[in-house]
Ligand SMILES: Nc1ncnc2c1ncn2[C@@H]1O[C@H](COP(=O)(O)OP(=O)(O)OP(=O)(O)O)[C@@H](O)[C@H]1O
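Have a look below at one chain only, the form predicted alone, in structure tokens format.
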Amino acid sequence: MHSEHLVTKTSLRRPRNQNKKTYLWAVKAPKNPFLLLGYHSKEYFCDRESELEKLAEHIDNERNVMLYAWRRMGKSALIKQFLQEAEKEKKLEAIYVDLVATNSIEQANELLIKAVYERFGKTSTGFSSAFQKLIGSLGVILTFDPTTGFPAFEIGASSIAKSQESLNSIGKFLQNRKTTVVIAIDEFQQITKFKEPGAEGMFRTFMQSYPGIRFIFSGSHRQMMTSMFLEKNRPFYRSCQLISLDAIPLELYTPFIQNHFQAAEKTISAELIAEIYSWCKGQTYAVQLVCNLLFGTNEPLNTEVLRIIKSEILQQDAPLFAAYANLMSQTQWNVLKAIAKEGLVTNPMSREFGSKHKLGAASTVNSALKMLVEKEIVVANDEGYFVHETLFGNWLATL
């Protein structure tokens, strides 16, 4: 018998410090309320009430969801906020997986198995019989690091057939839960880059085969995500309800920011928040970063302090931003700088825009812009074209 199909009693032992259930949220209050990484709790989460209501309505009515947004707009935090509240109300049991660092079906499966283990594999007395049966059916070996106590899974050679078999075992296990299970898969567009073909079809079959499980697919590459779910020849065509995540409005962000400053006996004016919001173009991460740094200073908050903070942010990331020039042609770099300097460009192929920034013929600009849009370095909305990464765009505008 091959080693990847062996599951021994030793492999199912768990260190004593591994008998607490792992949740999707933290418990220790942060020192700085403007979080830059991860998700903590509702107290540190701004608004998104309408999106939360949409998610709840879709899931309650047994619809699967595709959530898409530009990077750093807070989609992961939104999903975790929804899952936390729903779990507290005992409406569902949640599994969250982020595929951003995966490049194969095998890696995706391993993450999903680990997530199932973290959520359902731990009990006060050891492993449940149902979970042990699941591990056996998956043909994996579960071991624990003797120092950290963290689990490790040994998975055999990957193939579409074996991966589908593995997903079927997971699906049967989750569908037999008394409470509805929601699987949230973040950065789902990553499966289009897997080295094995057929990943989209495999996950679509997984979703179809277990109608008792709800799915939330989310991604930060809007073009890839919309193509996956809206193109007729793709497996996920029209299979989910779509939710697009836009910037949190300034009128909602202002009281959220002021309340956290006031709780720490600090003061920040609505005018200064409006200046922050404008500079960050409403991008959640950028707003959080500026507020995080302002919260950490002991200086009275005014436009001069904000100017210094903004300068420090751009200087800190300047080497990284400058390196992007080596990844594109001179024309592409020039077009990118020109769009950044304008902030928003309605018609980048116009004679006025090309002449002002000395970009050459419209066909040359069009060719460069095509690559920038394809890579989502530049993106477009109903108003025009702009640099996707706000801080990068602000740095380019200074050149």
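For clarity, every value in this text was computed on a predicted model and none was experimentally measured. Numbers for residues come from their place in the sequence shown, where the first is 1.
From this point on, the text means the form predicted together with the named molecule, which you will not see here.
- Contact check for residue 337: no non-hydrogen atom falls within 4.5 Å of the named molecule in the model of the complex.
- In the model of the complex, the named molecule sits beyond 4.5 Å of every heavy atom of residue 353.
- Proximity of residue 36 to the named molecule in the model of the complex: non-hydrogen atoms within 4.5 Å are present.
- In the model of the complex, residue 285 approaches the named molecule with a heavy atom inside 4.5 Å.
- A heavy atom within 4.5 Å of the named molecule in the model of the complex is found for exactly one of 84, 76, 163, 190: 76.
- Between the options 240, 248, 112, 243, the residue in contact with the named molecule in the model of the complex by a heavy atom within 4.5 angstroms is 248.
- Only one segment in the set 309-317, 191-199, 68-76, 296-304 has any non-hydrogen atom within 4.5 angstroms of the named molecule in the model of the complex, and it is 68-76.
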